[in-house]
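The data below hold one chain only, encoded as structure tokens and taken in the form predicted on its own.
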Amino acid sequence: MEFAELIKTPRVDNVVLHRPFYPAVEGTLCLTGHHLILSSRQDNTEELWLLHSNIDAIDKRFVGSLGTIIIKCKDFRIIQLDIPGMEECLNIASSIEALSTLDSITLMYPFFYRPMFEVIEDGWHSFLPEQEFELYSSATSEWRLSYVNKEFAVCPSYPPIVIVPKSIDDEALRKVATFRHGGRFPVLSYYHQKNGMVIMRSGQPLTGTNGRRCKEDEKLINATLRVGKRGYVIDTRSLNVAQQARAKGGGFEQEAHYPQWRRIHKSIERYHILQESLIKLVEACNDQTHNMDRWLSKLEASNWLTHIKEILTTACLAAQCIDREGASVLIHGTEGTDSTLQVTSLAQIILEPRSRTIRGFEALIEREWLQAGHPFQQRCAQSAYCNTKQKWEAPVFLLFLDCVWQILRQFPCSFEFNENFLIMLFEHAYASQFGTFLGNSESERCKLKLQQKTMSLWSWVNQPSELSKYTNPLFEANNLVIWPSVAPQSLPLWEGIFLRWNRCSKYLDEAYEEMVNIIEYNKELQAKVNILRRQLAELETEDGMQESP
């Protein structure tokens, strides 16, 4: 298919662009295969370059021969284009709708993007499982790398290489895979070097109504326990939902077969409930006519902050089991690709200082989201404005980023990255020139040959010039476990995401710049103090030598 076939009118003059916090701009609108571009002949007016894949929905309206297109973006921005001529307006709208809903992944922009920067680091090879395993292998010999899933034959949503107990061979893993949803047998998610406890993740066991069991599964899970120790299974579904799953062939670990494990149910919502929550929240944030009561009522009705609290509470529970109880944890819901990953990731941010650095957090996203099989292509296909709702969309990753922001806000000096880093990841998960978030699993990315045909997001982000935008000036390495508050009054709305197109950030940006300047000036003064102290010490040493006979 040629993009030209979808572009009915490639160019229109005298189009007026309206967008938040900018004056209206008149210019020429151009449509390419992947971008909507508006350029003005006015001096000092920046061009608008909008990826078609960032467009969630469009509305059209007409007054006489003047047409207006309202573009609603996946990053919650709303842009208005006033286009002279009804036919041109209809053609542009039709073209945008076609170009923003392409079915084939290989027609998306990452396959056509060519970097304008020098590639210093190949992000596709920055966070390989072997490298991550090396971090653990120095502390324990109880785990090994398994290549049982080399051709994605055992589990289509797992990576080719996983970390499993050394005492369990690959044949046993194959048997366990037939007993777990989607073949997702328990694998190592995190090793706590302080006490050797671990977090594992998996899909639900396929016990069914007959109480089916798997001796290899029981052996695998028990292999993670120390002598005389108990473990915890944290099921991210309510007991009622887990029991309903048994009727469909799923289920949960029976106490009789897993006597050393205590099962805890913590209900975390999923799928359409989360999508509807996002839609309600964004709608409330965009309505400027609310009085205080109505705003608070709509915010509460969205249930967004309730979801944040549920996820953070479960992550804190997992971290407490590891650090305070000295017990290992297995986490799963149904598939093990959504709420499970939210909890395992956040528990690591609480427990592991490395996960709070920029590279450590990137490694966490690679390991616990991309390689672990979170279906980004399905979950991020649509955002808060799209009218045609399908079953698979859900802001699972955005909720995770919001939870991270909540912890960052409570511990502003413990994270090497800032809020802009989290916002950037949200934007690229929904629309990007990079191939990192394309596809639903490592298996799909392999078939699409993304490493050969697209650029990794990490190749761009990890350039020194880019990293400076995302570095937290307040960062001081903190090697302690950090315990976030999950009290309702401790969990505010993330304004940087949900209100950034509704309120001007000029003064906040100026205050941030001033803070950075003060910190830099303080560092300079500290360096001078250190030099003067050294000089003073040298002078005192010289005086002492002169006075001695």
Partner chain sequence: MEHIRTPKVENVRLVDRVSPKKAALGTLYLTATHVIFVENSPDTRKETWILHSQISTIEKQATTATGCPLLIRCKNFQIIQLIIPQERDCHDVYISLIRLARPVKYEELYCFSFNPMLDKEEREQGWVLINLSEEYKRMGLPNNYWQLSDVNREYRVCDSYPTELYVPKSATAHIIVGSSKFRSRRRFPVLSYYYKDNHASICRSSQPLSGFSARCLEDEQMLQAIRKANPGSDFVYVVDTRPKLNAMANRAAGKGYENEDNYSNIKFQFIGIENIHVMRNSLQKMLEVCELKSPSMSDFLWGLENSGWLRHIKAIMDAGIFIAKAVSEEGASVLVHCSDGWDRTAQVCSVASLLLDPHYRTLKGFMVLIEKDWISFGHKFNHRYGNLDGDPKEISPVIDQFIECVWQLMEQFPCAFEFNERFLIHIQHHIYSCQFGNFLCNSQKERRELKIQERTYSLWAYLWKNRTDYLNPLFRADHSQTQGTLHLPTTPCNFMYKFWSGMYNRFEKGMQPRQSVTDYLMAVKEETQQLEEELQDLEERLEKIQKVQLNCTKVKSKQSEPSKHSGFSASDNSIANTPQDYSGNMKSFPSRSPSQGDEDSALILTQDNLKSSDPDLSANSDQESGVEDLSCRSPSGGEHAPSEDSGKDRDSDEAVFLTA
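Between two forms, the rigid core is defined as the largest C-alpha subset superposing within 1.5 Å. It should be emphasised that the depicted structure is a prediction, and the values quoted were computed from it without experimental measurement. Positions refer to the first chain, counted from 1.
The form predicted together with the partner chain is left out here; the points below concern that form.
Enquirer: Only one of Ala247, Val119, Cys413, Ile273 gets a heavy atom within 4.5 Å of the partner chain in the predicted complex. Which one?
Expert: If I apply the 4.5 Å criterion carefully, the residue I get is Cys413.
Enquirer: Choose one stretch from 324 to 332, 450 to 458, 175 to 183, 107 to 115: the one whose residues place a heavy atom within 4.5 angstroms of the partner chain in the predicted complex.
Expert: Answer to the contact question: 324 to 332.
Enquirer: In the predicted complex, does Gly67 come within 4.5 Å of the partner chain, counting heavy atoms only?
Expert: No, no contact at 4.5 Å.
Enquirer: Tyr507: heavy atom within 4.5 Å of the partner chain in the predicted complex?
Expert: Yes, contact at 4.5 Å.
Enquirer: Does any part of Ala24 reach within 4.5 Å of the partner chain in the predicted complex? Heavy atoms only, please.
Expert: Close contact is absent here: in the predicted complex, Ala24 is far from the partner chain, nothing within 4.5 Å, heavy atoms only.
Enquirer: Using a 4.5 angstroms cut-off on non-hydrogen atoms, would Asn502 count as touching the partner chain in the predicted complex?
Expert: Result yes; Asn502 sits at the interface with the partner chain in the predicted complex.
Enquirer: Would the partner chain in the predicted complex be within 4.5 angstroms of a non-hydrogen atom of every residue among Glu495, Met515 and Ile518?
Expert: Looking in the predicted complex, the three residues Glu495, Met515 and Ile518 all sit within 4.5 Å of the partner chain (heavy atoms).
Enquirer: Counting only heavy atoms, which residues in 478 to 492 are within 4.5 Å of the partner chain in the predicted complex?
Expert: Contacting residues: Asn478, Leu480, Val481, Ile482, Trp483, Pro484, Ser485, Val486, Ala487, Pro488, Gln489, Ser490, Leu491.
Enquirer: Would you say Arg11 moves its Cα by 2 Å or more between the shown form and the other one, aligning on the core?
Expert: False for Arg11: its C-alpha shift is below 2 Å.
Enquirer: With both forms fit on the core, has Arg503 moved 2 Å or more by CA between the shown form and the other one?
Expert: Comparing forms between the shown form and the other one, the Arg503 CA shifts below 2 Å.
Enquirer: Verify the C-alpha shift of Glu513 between the shown form and the other one: is it 2 Å or more after superposing the core?
Expert: Stays below the 2 Å threshold, so no.
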